[in-house]
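Two separate entries follow, structure 1 and structure 2, each one form of the same protein chain as structure tokens.
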Structure 1
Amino acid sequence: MKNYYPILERCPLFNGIRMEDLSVMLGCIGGRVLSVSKGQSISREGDPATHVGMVLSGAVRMVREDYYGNRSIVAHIGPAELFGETYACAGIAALPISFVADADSQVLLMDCRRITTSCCNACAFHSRIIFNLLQLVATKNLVFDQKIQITSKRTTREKLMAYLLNEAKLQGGRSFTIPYDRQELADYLEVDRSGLSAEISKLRREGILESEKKQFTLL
């Protein structure tokens, strides 16, 4: 586990917690490492919402499927980022979404009840990690709100441009790489893939953007 300490240091959940306390803390909150292959489910819709996950290596996708099997990618989670915390903290009986490995990955799973409840040892780091978790849940809600603003646009073109402009702002430049291929981007934007590809081609012809696979440049 010590091999992952540099990743743990980057995770906001552990802000203000000394590295020498990490091994004790992880034991206290029931931390365990899980290795998953690309495409493998970490937790499925309907599973109990009991754990907070953190990506140690690789990547994880939050995926929602409707009754007919239509898939929507809700979020992409990379190293040092959390997943499942909103649902675990809400105390809901079952997950309404699934978490799937986007690459061969290792994830840290932590028991949410053991995070939010002080243990009998009254560990000094417990109040700090509870505070950090509260901030992260609030931040994640803002991220979900941002996606709603994108997908609530009326047309495929408006959704695509809203997403690309937001990515350019987040990555600090007009050239940037997104984490999705065309089908995955269509799933994220909740649009038809052929319609999305047609809009990208049209925007290229109009001189608004350049693109090559996952790389985009706004002109």
Structure 2
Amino acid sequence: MKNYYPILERCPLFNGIRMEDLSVMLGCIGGRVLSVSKGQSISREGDPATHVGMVLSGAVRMVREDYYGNRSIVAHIGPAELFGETYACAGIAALPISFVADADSQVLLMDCRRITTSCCNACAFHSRIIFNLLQLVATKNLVFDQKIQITSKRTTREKLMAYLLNEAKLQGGRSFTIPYDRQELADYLEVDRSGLSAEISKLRREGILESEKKQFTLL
């Protein structure tokens, strides 16, 4: 177990937890390590959603199957990242997706109910874990909300401006750097890359902004 500490330390779920408290705490919340080989599933659609998982080594993919049986990969979860926390915390009866090992992996499975219910000895770190979990789920919420806010605009120009104005606000100035290249920004805004490039050029010609690669200035 000890050899996973460097990974556990990197996971925000354990922020503020001293490593020396980890083993006690893992017992407290029912943590157990599972080894899975590539292609094997950790949980399948329809399984009860009771566990929060964390990738210790390898990788896990989140797979969704639609009405007609078309499979698609929803997310790729790497070391120190959590999976299944939304479903477990939402208290839904059955998982709407599956988690499949993307490589030979080891994952830490924790019982969500035992995280949210204080243990009898009311350990200090326990309430910290709850706080961290809540913070993680709420932060994801903010990220989603922001994306919806932006992509619900109807035109490329509106989406782009909503994104840039928000970025300006966040970074506190008219000049700022975005973390995406053109293709990634197009993917985020759910628009066509070439159309996006064209729109940026147009805004530049109209004197609304200046830009150079990932650097933007609103005028």
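Note that the structure is a prediction, hence the values are computed from the model and not measured. All residue numbers here follow the sequence of structure 1, with the first residue given the number 1. If you superpose the two forms and keep the largest set of C-alpha atoms that fall within 1.5 Å, you have the rigid core.
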Two forms of the same chain here; which is the form predicted together with the DNA?
2
Single out the hinge among Asp102, Val137, Asp181, Gln106, the place where one rigid part of the chain pivots against the other between structures 1 and 2.
Val137
Rounded to whole °, what is the turn of the smaller rigid part against the larger between structures 1 and 2?
41
Give the rigid core superposed Cα shift of Asp145 between structures 1 and 2, in Å, rounded to one decimal.
6.6
